[in-house]
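First, one chain by itself: the form predicted on its own, in structure tokens.
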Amino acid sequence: MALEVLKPGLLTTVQDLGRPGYFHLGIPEGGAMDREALIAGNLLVGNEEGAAALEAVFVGPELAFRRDATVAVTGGDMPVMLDGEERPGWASFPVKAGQVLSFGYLRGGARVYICVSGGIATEPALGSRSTYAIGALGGVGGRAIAAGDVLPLGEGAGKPGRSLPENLRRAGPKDRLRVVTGLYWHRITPESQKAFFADQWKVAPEADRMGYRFRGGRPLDFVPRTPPFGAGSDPSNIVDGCYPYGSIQVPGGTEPIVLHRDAVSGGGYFMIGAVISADMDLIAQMQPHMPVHFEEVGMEAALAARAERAKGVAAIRAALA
């Protein structure tokens, strides 16, 4: 046991790169909302890139170290304090036993990743330490950390004094999210199809690990239909279907919801498409009320964006090799 939680922050959970392979059983992949930030933080301290770390939302925790370690904080712009003295983000620094790590007020983004040499060594569940609170899996008893918790750390000497070059640090979240339209796109009228991409939307306060809700655009108009058996009378309902990661559902045609890491695997709302995988990390750093436009792209552009993002991650690996 090496890391004592003095203050938990607003919502701080143990996260790694998730537990793929159980979606067909209704268990989402989960894991870090901003995967690139987690990977960078782990490489900075000398961990394997998928090691478990702490994901803190909006307000950082206060942590007392009971052994020497190396720490790096990546993701959102939140001042990092060690015994009250600021330390740089996107850089690894040594922490001595007895020192306290804390955070100032968030200046940009939404989530930070606190990576510690050796990784957070809580008990894995289905091959991952990621916290899935709805299913009470992973992390600390399947919940967010709380004051008084003592978190175990794995073995690892760490690599202090490393810094990720500025050009490899992702800037703040962009105001555009690229979308590939999907199987139910035909359910809304051509006018609504145009309006969805033309309108400005804003991140709603209901934005969490399950999904990000957006509001402010025009309600969608549906093409008239005879409801199929089991779908119900609401035109946004379907006979149950699977929800791919990044799917955009619009209950009642009013407020789009982009399904994120801990979203359910299926249900009865139609999906107009999906945010491309290359942009999902960006959503993790969006704050409520941030203005956003959705941009339509084709599969070729989505695959090119995925390849470009992979090149960016490869550059981080090379810089910290």
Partner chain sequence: MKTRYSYGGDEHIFVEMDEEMSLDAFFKAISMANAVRAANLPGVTEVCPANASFQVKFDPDVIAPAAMMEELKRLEHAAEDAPKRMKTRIIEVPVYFQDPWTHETLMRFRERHQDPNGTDLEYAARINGFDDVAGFIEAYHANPWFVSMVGFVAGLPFLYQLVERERQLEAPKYLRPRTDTPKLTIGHGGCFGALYSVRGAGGYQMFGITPMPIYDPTQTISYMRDFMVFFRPGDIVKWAPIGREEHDRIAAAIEAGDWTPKIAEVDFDLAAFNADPDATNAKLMEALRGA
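As the structure is a prediction and not an experimental result, all values here were calculated from the model. Numbering follows the first chain given and starts at 1.
The form predicted in complex with its partner chain is left out here; the points below concern that form.
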query = Out of 259 to 267, 44 to 52, 59 to 67, 285 to 293, where are the residues with a heavy atom within 4.5 Å of its partner chain in the predicted bound form?
reply = 259 to 267
note = Contact with its partner chain in the predicted bound form, heavy atom within 4.5 Å, among Pro205, Pro190, Pro224, Pro228 goes to Pro228
key: Listed residue (Pro244, Gly161, Pro165, Pro79) with a non-hydrogen atom within 4.5 angstroms of its partner chain in the predicted bound form   = Pro244
task = Please state whether all three residues Gly21, Ser277 and Leu303 have a non-hydrogen atom within 4.5 angstroms of its partner chain in the predicted bound form.
result = yes
inquiry  = Check Tyr184 for me: does it contact its partner chain in the predicted bound form (non-hydrogen atoms, 4.5 angstroms)?
reply    = yes
query = With a 4.5 Å heavy atom cut-off, would you call Glu255 a contact of its partner chain in the predicted bound form?
reply = no
query = Though only this chain appears here, would Ala146 touch its partner chain in the predicted bound form if you measure heavy atom gaps against 4.5 Å?
reply = no
task = Look up in the predicted bound form whether Glu36 has a non-hydrogen atom within 4.5 angstroms of its partner chain, and give yes or no.
result = no
Neighbours of its partner chain in the predicted bound form among 122 to 143 [non-hydrogen atom within 4.5 angstroms] = Leu126, Tyr132, Ile134, Gly135, Ala136, Leu137
